[in-house]
Each structure stands twice: as structure tokens, then as C-alpha cells.
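One chain comes next, on its own, written out as C-alpha cells in the form predicted on its own.
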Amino acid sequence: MDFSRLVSYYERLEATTKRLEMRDILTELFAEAEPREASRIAYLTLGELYPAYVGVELGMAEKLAIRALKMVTGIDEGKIEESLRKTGDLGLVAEKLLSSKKTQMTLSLEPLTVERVYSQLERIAKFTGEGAMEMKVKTLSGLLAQASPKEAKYLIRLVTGNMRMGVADMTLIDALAALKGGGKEEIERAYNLCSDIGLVASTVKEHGVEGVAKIGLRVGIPVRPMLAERLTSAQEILEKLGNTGFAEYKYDGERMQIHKADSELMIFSRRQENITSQFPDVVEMCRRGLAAREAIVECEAVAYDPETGDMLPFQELMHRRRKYDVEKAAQLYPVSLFFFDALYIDGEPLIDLPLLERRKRLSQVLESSDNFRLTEGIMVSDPDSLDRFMLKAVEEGCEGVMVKDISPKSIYRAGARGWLWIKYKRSYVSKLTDTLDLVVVGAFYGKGRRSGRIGTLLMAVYDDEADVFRTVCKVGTGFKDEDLEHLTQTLTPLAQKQKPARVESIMEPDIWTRPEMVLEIVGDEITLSPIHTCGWGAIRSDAGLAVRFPRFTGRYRSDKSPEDATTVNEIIELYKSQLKVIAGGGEGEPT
């Protein structure tokens, strides 16, 4: 397939924000592609080259891309940067520069293909060591010299990580299912088990839904994690679970998926990133304490004070996320591992077994110690015992508890959020005392002392049914000066003039940002709102829901993808819980 053909589809995708229209365009695109091309196209459409677990990123600094544009056009870098400041999109700048007749005369007429573009982008991503930056610039300039203006626009957007189309992985899955006239459940399950949208796309093209149904668990390939819903009272939780459940501590750490194959150990984050090199101590702990030849197990890694043994908050653990002085960080911030699930042990997939059977199998392969053991857990069948267990968990430094279904249907639902697992973090009186993980979708410039920098953020929750982000508050308090500086630097590359396709908002910020950064926010309560789109129509036909008096806690949730953020349904449940408190005589009232 010519790259120009792919670009024509990208132009159509960029022109719409309608999810069904996007799906139909992508279905047409996949219908044209060969199986190998389908894999490449799936990655490129998401602005990627490989699955996250491979650890090779396409991202290239804008300054390097500007140097490549100078090499091709002869235009001074300062003038290119000036155009970038005006448009906010280096892709549009490239399109305009290459559209001039003077420039166009110097370009090669040989058409680019999807395969050639992909292979050259691979080269750019893999250049390392001395001279790597120069080779990246040269390779990109070579592509640009062959590109049409519109092709150049998307080449620049690809290498700088700014595709601006609003296509998510679930949209691709919908398109692949539409291509085959069904089979979405099988396609989604395969993706959740292999975390590789390219593999899924090429398999669907070559072998259909029957082929994709054969994709299963593999040691060394991360499984997309099962997720939980949230409720706010012990009684509600137990009613949802048929009056009995298994409650375990919800530790304030980092979720890890451990893969073991003989002596080889790999650690994956909840975002499917390979973080093995950052935790050599965890590797050694698992080599010694995980008594299985092959295994895929999940645990929570929690930092602790080596002098007192007390568990430390999540932010302390983030000191371990570094490329250098890893051994020193391991000594300063040692971790305990608390295991809570087993997906695969010694050749046997376990995900279709009930929870208690999986936990039993997990216990059989753990050689437990103080810092390497199962999560603390008990069976609960009445609200009082669950509340007592919750208080004990919080007293011992945990966030709260997770309560899980134990019925025969309590399988491990990879990549799914549902009522088989329910978070119960802290009790709600009249105030919202729990934290929320919200996604930055826009920003407002500050005034006075904050002039010239980002001062307030527009935050959103994730709507997992529509696969979009809906606004829930503006937050401008809780930020230190260094936070504002960091946010200005971090959000600038994510900024764009037009509203991202996956964002639903009535408000208009000074700048829109791609929904990528997750922050922890706390507020006073959930209120009805005429200007925020979270839960629009769920309580009142003309209103959404908002967080009142939101404040930044200082915690950047780099461990969470935007799709792992607090959901619309969770906010609705929190609002309803407040109403129950009021009806029961609690203080305060949502406004």
C-alpha cells in the first residue's frame, strides 16, 4: 500500500469526531491492507511501532524534527520554530513548507510505501549511542525528501508522537470486528491476553476470528490487567457480590505482573511496560521465592522503611523509576511484594478458574517471608466485619480493601473492568475523602505570579462505555511552583488548538491537551454541574457531575494509563452514595 493511501484515510479520520464514523473508515482501511500491512497500520495509527512491552518508543524531539525539515527545505530553524509557535502543530508547518513550488521541485517523485515508512521509522527509533541523533535526523530528512506535503504532515506527527486523530485501541478492535461481521468478544479477548494490537490485526486479516481465538497466554508477553469498580459502603458491596466475598488489603504501591521462565524474570507495569531493569531486587526475590518453572503472577510492590518496617506511600516508590543508580535506589527504597493472583503456572492457564482456586494455586508456589507473601485477606459476609477489616487495613498503611467475587463466575477477566472486583477505599460521610485519578485534557494560563505558565487544569474522567473522556472539574490548587513548571514543560508537547477527538467538553480551555497525563485529585464532594459532561443526564437531563473544591495531592499517576483513570460510573456511584448519607441524617448536602 502506498503511504499516500494511508494518509488519505488519516485525513478522513482527522476530519471527524464521531466514533462510528471512525470505525467505518478504519474498517475500509483494514479491508485494503495485506495482513503484514494491517499490523503496521494498527501500530502507526496509534502513533506506535510496537506494543508497549517491547520498550522501543518512536518519540523524537521536536528540535530534531525541525533540523530534518531544515535539511529538506533549506528554511532556517528559527523561521520553522516561529511557524510552530503560531500553529502549535509541526506537522502543519511541514505540510506548508513542502507545498511551496520552490521546495517541491527538489523532491524525489518515487512514492513512499507503508512498509518503507515503517522500516525507516524503526531505524529512527533504534539508533543509539554516539552519532544517534545525527542518524535520526538524516533518516527522517530522507523520508521527508520523498514525501508529498500531506505525507510530510503525518510523518512529522508520527515521529513527534502527536497524531491528533483521537483513535484508540478499542476503536481499532471495533473496526476489525466490523471487517469480519462480528467476533468482537474474541478479538478483544485476544488483545487483552497478548497486549499486541498489531498481532491481533494481522491475525484477523489472515486467519479471521477463528485464528484470533487461538491467541492465548504466553510467558514474557504481558496480559492487560483486570480492573475493579468502586462502591462506597460495605453493605452495597456485599449486596453486589451475593452477600459473600473475599476482602484483601489494597496496598498503596505499584501493581506488577511477574513473568518467570526458568531463571529468566520479567516485570511488567499495569501499562504493560517492561520495568525489569528498575527492580533488580524484585527479580532476585522472585527467583528465590517463586517455586515454579514457569509462571505469570500479579503482586503489589510497596516501598517500606528499612529501619522501622513501616509501609511508605506510593510517591516514595516512584524514586525507583530511574535509569541510573538503580542499585542505590533499591537500598534506599526497598520493597515488599504482596501477591494476589496467578494467571499461569507450569504450563496451565488459570484465568478461567474461580478466584479462590487461583489463590490456592498461587499459595502453593510462594515461599513466603515477611516481605514476600500473599496479600492479607479474609472471607466476609456481613458489613460489620468488612468495615472492621477496612479500618485495620487503613491503620496498617493501606489505601483500603478490595472485595472480590468468589462464585464460579469469578474468572480473571483480562483488560476488563467489572463488579467481580470492587474497591472499597475509605468511608464517605458528607465529604469526598477518597482520592480520584483524573486525566488532564486542557489547561488555562495563570495570572499574577503564575503569568506565562499553566495555572489551572481541566480534568476529566474516563467513560469506558463510549471510550471517551468527560470533564469533571477545573483544578488550580495544591500545585507548588515546581509542579507548575513541570506541568508547563510536560503538557506543552501534548498541547493542540482543537479539542481532541476523544474528549467531550462544554468548557473551552486556553489550550487543549491530548488525554495522556493522570493526576491524583481530592475534593470536598460530587455536585451537579451545568458545565461538566461527566455523567450528563444520569441524574438530571440538563446536568452533569463535578468535583467540588478539587485539589492536587502532589501525586502524578505515571503508573496509570488514561483508560485506568476514575470512570464516569464511579463518579455517579459516589454522588448517589452522598445522597444516601443525607437521607440517613449525615451532615452536608450536595449543591
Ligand code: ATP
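All residue numbers are counted from 1 along the displayed sequence. Since this is a predicted model, take the numbers as computed values, not measurements.
Separately, the form predicted in complex with the ligand exists; it is not shown, and the next lines address it.
Taken together, the three residues Arg189, Ser195 and Arg413 lack any non-hydrogen atom within 4.5 angstroms of the ligand in the predicted complex.
Put simply, of Thr160, Thr276, Thr375, Gln120 only one has a heavy atom within 4.5 Å of the ligand in the predicted complex, and it is Thr375. Residue in contact with the ligand in the predicted complex (any heavy atom within 4.5 Å), chosen from Glu504, Glu516, Asp437, Asp281: Asp437. In the predicted complex, the ligand sits beyond 4.5 Å of every heavy atom of Arg224. In the predicted complex, the ligand sits within 4.5 Å of a heavy atom of Tyr251. When contacts are judged by a 4.5 Å heavy atom cut-off, Lys404 counts as touching the ligand in the predicted complex.
Although the partner is absent here, Arg417 is a contact residue: one of its heavy atoms lies within 4.5 angstroms of the ligand in the predicted complex. This chain is displayed without the ligand, yet in the predicted complex the stretch 225-233 from 456-464, 225-233, 76-84, 111-119 comes within 4.5 Å of it by heavy atoms.
Residues of 37-57 placing a heavy atom within 4.5 Å of the ligand in the predicted complex: none.
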